[in-house]
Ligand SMILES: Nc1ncnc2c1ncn2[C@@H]1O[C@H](COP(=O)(O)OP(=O)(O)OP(=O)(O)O)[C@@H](O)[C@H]1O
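Only one chain is given next, in structure tokens, and it is the form predicted alone.
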């Protein structure tokens, strides 16, 4: 019998901080299939894939490729030689280089002592044509949309003659139409013989693409079955270990007083993704206002100006009647603004500080924590421990460094800090990106509860199911402008939002 393309046999991995990431993981991936791997944050999915790709080394057990065990010197170079490519959730492209330069990086064709750029462009065009992934070889990556960057990442892997492509949360920032287009390409590649490992929290996508699913929980395989032999509810129970209720705002409350007013906001930023053109809207107490759009259409610029990080070229904004432009981030926080940023490490917290220190960010002058600047470490750590427990933050305690946490657990800690401040306005920017089903449901429940207590929430999310389950109204951004203002209701679906997000329709 032909051996599986990849086999994991009793794979174990424990990190120096004591976290046991993998516990006897055993399953196989058959050639020519799409094999999904599901599990919550910290379940071991990424660690297992890093072992397969040569970025980590298992403590024990074995990984077999074509029936042959990889050695202790297994590396990304060896994985590439074996035909394995990996597209990470956070792209590894060099923004200052062109598409062609990124795709041939590390194996550039040469003409004498110089790089043969014409040959590089020709190779990229051939590869793009073969795999039906249209790209402009001369485009600079910094100016591409996220969906276009994802094409480049996939082409970069495919150009190395991969047999196995690992995709980690590939649809996190795509519209439904772009997701459908990506899946069509992946099915085409699978028909040509490519094997795909697909990591996703979205069970609808797992069922649409995969033929087999393996579920990890706390580093162990708790489920492994053909996709047709297991229901979505069963997968969710295996992922979580129990039933998880989806968070949805069922009751729409009467609007309260005005909290945020934005009028004719424009920002001709150097980066196209940050540009804003004549953006106006009002947000009331108790309201959740959703912002949809393909990433790179002004969402980042909107968050940046409202949170005090950037000043616009023109326009006005007021928070509870006070001019936002006259306040820095600290003053905005004192005025009642909370901010749950998309990048939990770069903007939400400091990797080199402890969980406890990050948990009190912005509240460090509170009398409840001591007399500034002499804080009570006991009080600080007690507050952090309460947040860690309430939000199920997986860490080694309040003294652990934030940088030692997974992205999902760091996000939960930052969310706990922002919700604890009871802001009058919360800017929630991709609040559940990259976190598991249970954590996402918990954070969404907290957003609903915050609004029901009278706070206003500006929710920016690429997850359209999330927007439609939480928001009262939805603004759609395209090219930095408001392309649509839509009341939420049964007729507003992800498919209905798609044409506005792609600039094909307007309803502003």
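Numbering follows the first chain given and starts at 1. This structure is a prediction, so every number in the text was calculated from the model and none was measured.
The next section is about a form of this same protein that is not shown, the form predicted together with this ligand.
Trainee: Every residue in 40, 44 and 405 with a non-hydrogen atom within 4.5 Å of this ligand in the predicted complex?
Mentor: Looking in the predicted complex, the three residues 40, 44 and 405 all sit within 4.5 Å of this ligand (heavy atoms).
Trainee: Among the candidate stretches 332-340, 134-142, 408-416, 299-307, which one is within 4.5 Å of this ligand in the predicted complex when only heavy atoms are counted?
Mentor: Selected range: 408-416.
Trainee: Tell me, out of 101, 123, 274, 169, which residue has a non-hydrogen atom within 4.5 angstroms of this ligand in the predicted complex.
Mentor: Going through each option in turn, the one that passes is 169.
Trainee: Please determine whether residue 25 contacts this ligand in the predicted complex, using a 4.5 Å cut-off between heavy atoms.
Mentor: Residue-level check for residue 25: no, no contact with this ligand.
Trainee: State yes or no: in the predicted complex, is some non-hydrogen atom of residue 201 no more than 4.5 angstroms from a non-hydrogen atom of this ligand?
Mentor: So residue 201 counts as contacting this ligand.
Trainee: Find out whether any non-hydrogen atom of residue 17 is located within 4.5 angstroms of this ligand in the predicted complex, and reply yes or no.
Mentor: The answer is yes: residue 17 has a heavy atom within 4.5 Å of this ligand.
Trainee: Quick check on residue 21: any heavy atom within 4.5 Å of this ligand in the predicted complex?
Mentor: So residue 21 counts as contacting this ligand.
Trainee: Taking this ligand as it sits in the predicted complex, which residues of 467-490 have a non-hydrogen atom within 4.5 Å of it? Please list them.
Mentor: Heavy-atom contacts to this ligand in the predicted complex: nothing from 467-490.
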